[in-house]
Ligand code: DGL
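Take a look at this single chain, the form predicted on its own, given in structure tokens.
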């Protein structure tokens, strides 16, 4: 249970550090390099249905996984400044690369609580593994940062973590090739070595990857547990809001602008894709010039 206590301690620390006005009705800001963060937004909608969401997808600059830490941090700071114009009560960094590269800088800049997707996923993986052999698939940047290895071994130093960069998954998902022979073939090539070393747990270390979960599950087989950090992040977010007395207990009023979506490019393409995976009524998405922030 050490990992659960760690999570609760982090929540208490956030409460001490951030001076947040108790505005339960304020929205939650969520951002990603593109469409992958919609898996996190979808889980928030499902697990915390009374919350409002402002989502930003950096579709003009996707992917983040092949960019430097300096660039990802700069992009992330711009997006956070944009989200703060909506007086959001918390920000969810729904991007593993940004969580790996930019969280420290963002936490220093923000006076509201901010949560990433890496720690919740790492905690769950450390809890569910049976043989202590964990796989992490993610972007090149996330794998190079070794951030999952760091967090998991802090919780359980006896586990072994095998990282595998899967850079083609993000563009395949962004193009909507969720169930396609090309995606199947690329996935088999990436995952073969993880199958051969007998991992029993696989972390989907990029928020795009749950959108091809059925393909990954089929290839890895029934004996490998897939950990979805999007699900775990929404669960931890709810816990954090409860601890800080910020959970919105009242359903949004009829006609309120419950979910708002913004992108840096190709709003129509984003909207079509988003409506195909989220069944909560995404009516529109707007393009904004994120470089202004």
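Bear in mind the structure is a predicted one, so any value in this text is a computation, not a measurement. Positions refer to the first chain, counted from 1.
What comes next is about the form predicted in complex with the named molecule, which is not displayed.
Note on the interface: of 222 to 230, 30 to 38, 263 to 271, 239 to 247, the segment with non-hydrogen atoms within 4.5 angstroms of the named molecule in the model of the complex is 30 to 38. Among heavy atoms of residue 134, none comes within 4.5 Å of the named molecule in the model of the complex. Remark: residue 122 does not count among the residues lining the named molecule in the model of the complex, judged by a heavy atom distance of 4.5 Å or less. The named molecule is not shown here, but in the model of the complex it comes within 4.5 Å of a heavy atom of residue 170. In the model of the complex, none of the heavy atoms of residue 44 sits within 4.5 Å of a heavy atom of the named molecule. Heavy atoms closer than or equal to 4.5 Å to the named molecule in the model of the complex belong, across 45 to 81, to the residues 62, 63, 64, 65, ordered by sequence position.
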